[in-house]
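Heads up, the chain below is alone and in the form predicted alone; it's given as structure tokens.
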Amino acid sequence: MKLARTILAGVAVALGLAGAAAAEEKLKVGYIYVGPVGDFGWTHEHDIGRRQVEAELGDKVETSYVESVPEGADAERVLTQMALSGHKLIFATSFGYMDAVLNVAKKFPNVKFEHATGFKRAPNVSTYSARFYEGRAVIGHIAGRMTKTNKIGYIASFPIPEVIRGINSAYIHAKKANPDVEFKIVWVYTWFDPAKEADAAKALIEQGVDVIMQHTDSTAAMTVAEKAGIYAFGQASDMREFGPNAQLTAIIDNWGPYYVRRAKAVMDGTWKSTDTWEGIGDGMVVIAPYSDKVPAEVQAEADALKNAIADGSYHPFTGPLNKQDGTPWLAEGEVADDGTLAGMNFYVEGLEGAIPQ
């Protein structure tokens, strides 16, 4: 009987330890980044979101990341390693990771994957993005009001719908603010390459632009603008420290609340495959404080536009609008649907040059 009691006591202790271990098991959350966390742009803001998960969920989670992962085979390798090492929630934070995410997700059906800016989903793959075009409407208006040469430069990364939407939105609102505006666009075919971005900024300045926008991730263009004495806008993050005189404002990507929400959903068993597309009104797109170089009336106009977008009373793609070749697109008062915006592959009327294929 004494031996039986000893055995039972041992079993109880073992079960208690196992239960405690299970209770203490952390959710492992992984992030794969296309650039370095020190880019002070796109990847920097995703990593701020990762750190917010740690700050809000504490010892319930364990996060890790791999930075500067090229889009393609390397991404698939890194995602596989994360899944094999026990990560149950993985965020892939660049458009070009899309097929890699789908391929790896098939092999690990019990792992939840989240793909930023993509459009392909699966039972264990969600997609999420921000309505960056809303922020570009606001900075487009400011650019149109601030340019003196009437020439605005735009450094574009890749000819995908997200980037084309941003160019169109910025141009539409710059043109509304200043009918004489022209856009000069340089495609650099990279998300993060400071040397290429700097060269693009210099080339735009040589063409007479005095305001630069960018859809690339480094602070190189801001630094060039600062040295040249012209204006620029921070991309994905507040880049003011790199251009204290150049930056007029910035579009800030606020990923933290979404990351916290999705981690909690995995922990409480409510995670489902969804498509999330949030903007200014949701707090995912934030406009940084204005430079004191932006006149008070222009700040007020920008705030009015921002607030109208946030409360839904105005949509940045509201007709009348034509396509670049003059073909009617949106009639007076008509608003673009999300499907068209998600697949946008054309310029609006007034933009010069062709979209690279």
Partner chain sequence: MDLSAISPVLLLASLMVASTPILLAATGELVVERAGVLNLGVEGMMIVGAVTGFVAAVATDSPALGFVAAAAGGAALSLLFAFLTQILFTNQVASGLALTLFGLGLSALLGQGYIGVKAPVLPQIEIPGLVAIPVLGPILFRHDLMVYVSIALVAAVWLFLTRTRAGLVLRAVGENHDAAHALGYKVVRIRVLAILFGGALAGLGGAYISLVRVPQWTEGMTAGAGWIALAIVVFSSWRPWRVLVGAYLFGGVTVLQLNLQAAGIAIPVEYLSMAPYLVTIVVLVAISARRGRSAVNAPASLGKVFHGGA
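Positions refer to the first chain, counted from 1. Predicted model, so just to flag it, every value in this text is computed and none were measured.
Not on display, but discussed next: the form predicted together with the partner chain.
Chemist: Within 4.5 Å, heavy atoms only, which of 176, 264, 121, 184 is in contact with the partner chain in the predicted complex?
Modeler: Of the listed residues, the single hit is 184.
Chemist: Between the options 109, 229, 86, 244, which residue brings a heavy atom to within 4.5 Å of the partner chain in the predicted complex?
Modeler: By the 4.5 Å heavy-atom cutoff, the listed residue in contact is 244.
Chemist: In the predicted complex, does each residue in the set 167, 277 and 282 place a non-hydrogen atom within 4.5 angstroms of the partner chain?
Modeler: The answer is no: none of the three residues contacts the partner (heavy atom, 4.5 Å cut-off).
Chemist: So which of 109-117, 90-98, 196-204, 167-175 is the stretch with heavy atoms within 4.5 Å of the partner chain in the predicted complex?
Modeler: Contact criterion met by 196-204 only.
Chemist: Would you check, heavy atoms only and a 4.5 Å threshold, whether residue 62 touches the partner chain in the predicted complex?
Modeler: Residue 62: no contact with the partner chain in the predicted complex.
Chemist: Taking 4.5 angstroms as the cut-off for heavy atoms, does residue 49 touch the partner chain in the predicted complex?
Modeler: Taking the distances in the predicted complex, the answer for residue 49 is no, it never comes within 4.5 Å of the partner chain.
Chemist: Though only this chain appears here, would residue 38 touch the partner chain in the predicted complex if you measure heavy atom gaps against 4.5 Å?
Modeler: Heavy-atom contact with the partner chain at 4.5 Å: present for residue 38.
Chemist: Is there a heavy atom of residue 67 lying 4.5 Å or less from a heavy atom of the partner chain in the predicted complex?
Modeler: Yes, residue 67 sits close enough to the partner chain in the predicted complex that at least one of its heavy atoms falls within 4.5 Å.
Chemist: If we check the partner chain in the predicted complex, which of the residues in 216-234 reach within 4.5 angstroms of it by a non-hydrogen atom?
Modeler: Stretch hits, in order: 219, 220, 223, 224, 226, 227.
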